[in-house]
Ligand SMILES: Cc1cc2nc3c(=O)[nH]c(=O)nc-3n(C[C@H](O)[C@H](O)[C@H](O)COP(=O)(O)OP(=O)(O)OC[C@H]3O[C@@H](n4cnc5c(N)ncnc54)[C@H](O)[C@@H]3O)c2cc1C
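Below you'll find only one chain, the form predicted alone, shown as structure tokens.
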């Protein structure tokens, strides 16, 4: 099946794009086009206008500002995966990009498209919520910033308005100095091109990596495909903070994750199985992040 007829627009600035969004009814934004074309080809979406934002250069960047890592909405998964800055200072983000589908998708897909789609199984939404990130949104009324916790409302529903464009995602680096922090992104997938059955984003900051038993000062755990929105479990984090990471606290954290997730059953994974994955991958993420923090 082919998409229904539509009018094509290619703005070169954010201002041009948001003006088109405000002026045109039944318009959809197109970035990497890894999802929109599929629903259009199946006539599940029939927009009258397509606004292709690929010519807006200012939306493609990765900037480390000291307090945060700022990633433009049009930045490709491949560039995030192979960014030296992110690999060294924000590994959870580069690792999450490297686990998205296959090379073809990573060459075209964008972080803004993934966050805009807001699938709770998505890698970036999970990292964004786990790390306390925020989004910059633009419209003809100006730009506003939204915390990740406020952005994801329900299953594939967000705080974004119809006339708004995601311009950037910001990930705070201030609580997680590279010298005392370990990060990781882990998950289980049935095949490379499928959505993950469950994924975990984790970060651990220790007080002194050279100490005999470094204590966990701060931890972050976020899970993808474990609820109807990307899920941060602060009770898991509290369970391991304030003392060295030992088997007993890790096991306790895993049990908390098992109880706090609310996953939907799928064809190849019932609810109990996904709870067990949440328990196991939470433990693995904590251990991996801690080991990297003290390495």
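Positions refer to the first chain, counted from 1. Only a predicted model underlies this, so the values are computations on that prediction, with no experimental measurement involved.
The same protein has a further form, the form predicted in complex with the ligand, not shown here; the description that follows concerns it.
- Remark: open binding site. Placing the ligand in the predicted bound form onto this structure by local C-alpha superposition gives no atom within 2.4 Å of a backbone or C-beta atom.
- Taking non-hydrogen atoms only, residue 99 approaches the ligand to within 4.5 angstroms in the predicted bound form.
- Proximity of residue 69 to the ligand in the predicted bound form falls outside the 4.5 Å heavy atom cutoff.
- For residue 231, no non-hydrogen atom is located within 4.5 Å of the ligand in the predicted bound form, even though that partner is not displayed.
- Not displayed here, the ligand is kept clear of residue 186 by more than 4.5 Å at the level of heavy atoms in the predicted bound form.
- Three-residue candidate spot 131, 133 and 200; no residue lies within 4.5 angstroms of the ligand in the predicted bound form by any non-hydrogen atom.
- Of the residues 30, 261, 269, 62, just one reaches the ligand in the predicted bound form with a heavy atom at 4.5 Å or closer; this is 30.
- This chain lacks the partner; the member of 181, 114, 94, 225 within 4.5 angstroms of the ligand in the predicted bound form by a non-hydrogen atom is 114.
- Segments offered: 140 to 148, 203 to 211, 173 to 181, 101 to 109. Contacting the ligand in the predicted bound form at heavy atom distances within 4.5 Å is 101 to 109.
- Of all the residues from 65 to 82, those having a non-hydrogen atom no more than 4.5 Å from the ligand in the predicted bound form are 73, 77.
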